[in-house]
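Consider the single chain below, provided in structure tokens and representing the form predicted on its own.
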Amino acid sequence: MNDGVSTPIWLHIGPLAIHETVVTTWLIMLVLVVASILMTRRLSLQPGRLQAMLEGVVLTLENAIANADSRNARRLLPLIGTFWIFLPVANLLGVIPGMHSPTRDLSVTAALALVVFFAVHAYGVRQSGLSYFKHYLSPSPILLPFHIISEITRTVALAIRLFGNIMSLEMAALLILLVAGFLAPVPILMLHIIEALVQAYIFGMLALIYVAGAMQQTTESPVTTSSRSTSGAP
């Protein structure tokens, strides 16, 4: 029985239960990968309409990232661009009758938040090596527990924010349709689309801020040290 919150089980593979969330998530990834391969296999110096549209999308994503971190926009584009492409599709899947957004499942949003958590440290270590972790001892080693708590709480908040918004949006749409029938489907549909796009943008932007912050934090230290040495400051 589906209570509207938990996702139904589609099939069992031995003792392993495959939920609808797993199926729809992998289906979205498969569609995006196949579409990417098909649309990029014949790129040329004289772009057609499709290639021009794709280049416009990539440039828009890169410019949005550059507004937060112009120096590392190219390096951040694969991660943040993937979020900004995958999440709108996943969130909007709930618009299709009989389908549910995989992001209404906390396990999916938790997995996405963990990707951001590990990406923050991976990009930070790649930028400046293991010395990246020194910022957890700044300005005082006493603050180390607070830095760790901050990392954990913002990751949890990132997962719960997306899960809560998408789940509540689908529940609200379901309740209104049950009460009003199909007299007000268009406003609800538009609200769902707008909210799904906004939540995808917010998740990607927060991920961008976290990762860019880790990279800038490690690159600002040598500059600060250099400026102090040239100015004669102790």
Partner chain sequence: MELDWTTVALEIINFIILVWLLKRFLYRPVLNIVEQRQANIKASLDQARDAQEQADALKRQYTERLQTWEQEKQEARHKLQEELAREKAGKLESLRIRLDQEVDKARAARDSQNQQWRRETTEQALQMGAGFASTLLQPLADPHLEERLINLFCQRVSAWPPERLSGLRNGGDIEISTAYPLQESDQRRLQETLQTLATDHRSVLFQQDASLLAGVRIASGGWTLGLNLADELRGFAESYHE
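Note that the coordinates shown come from a computational prediction; the quantities given were computed from them, not determined experimentally. We call the rigid core whatever largest set of C-alpha positions still superposes within 1.5 Å between the two forms. Residue numbers count along the first chain shown, from 1.
Beyond what is shown, the protein has a form predicted together with its partner chain; the following relates to that form.
Enquirer: Counting any non-hydrogen atom inside 4.5 Å, which residue from L175, L191, V33, I209 sits next to its partner chain in the predicted complex?
Expert: Of the candidates L175, L191, V33, I209, V33 is the one lying within 4.5 Å of its partner chain in the predicted complex.
Enquirer: Exactly one residue in V156, M99, A111, I148 has a non-hydrogen atom within 4.5 Å of its partner chain in the predicted complex; which is it?
Expert: Going through each option in turn, the one that passes is A111.
Enquirer: Considering non-hydrogen atoms and a 4.5 Å limit, does its partner chain approach V58 in the predicted complex?
Expert: Heavy-atom contact with its partner chain at 4.5 Å: present for V58.
Enquirer: Quick one: is Y132 in contact with its partner chain in the predicted complex, heavy atoms, 4.5 Å cut-off?
Expert: Heavy-atom contact with its partner chain at 4.5 Å: absent for Y132.
Enquirer: Indicate whether its partner chain has at least one heavy atom within 4.5 Å of a heavy atom of Q51 in the predicted complex.
Expert: Flag for Q51 set to yes.
Enquirer: When the contact criterion is heavy atoms within 4.5 Å, does T25 count as touching its partner chain in the predicted complex?
Expert: Looking in the predicted complex, residue contacts with its partner chain include T25, since a heavy atom lies within 4.5 Å.
Enquirer: Looking at its partner chain in the predicted complex, which residues in 73 to 94 have at least one heavy atom within 4.5 Å of it?
Expert: Contacts from 73 to 94: R74, L77, P78, L79, G81, T82, F83, I85, F86.
Enquirer: Compare the position of the CA of V23 between this form and the one not shown after a rigid core fit and state whether the shift reaches 2 Å.
Expert: Moves: no, less than 2 Å.
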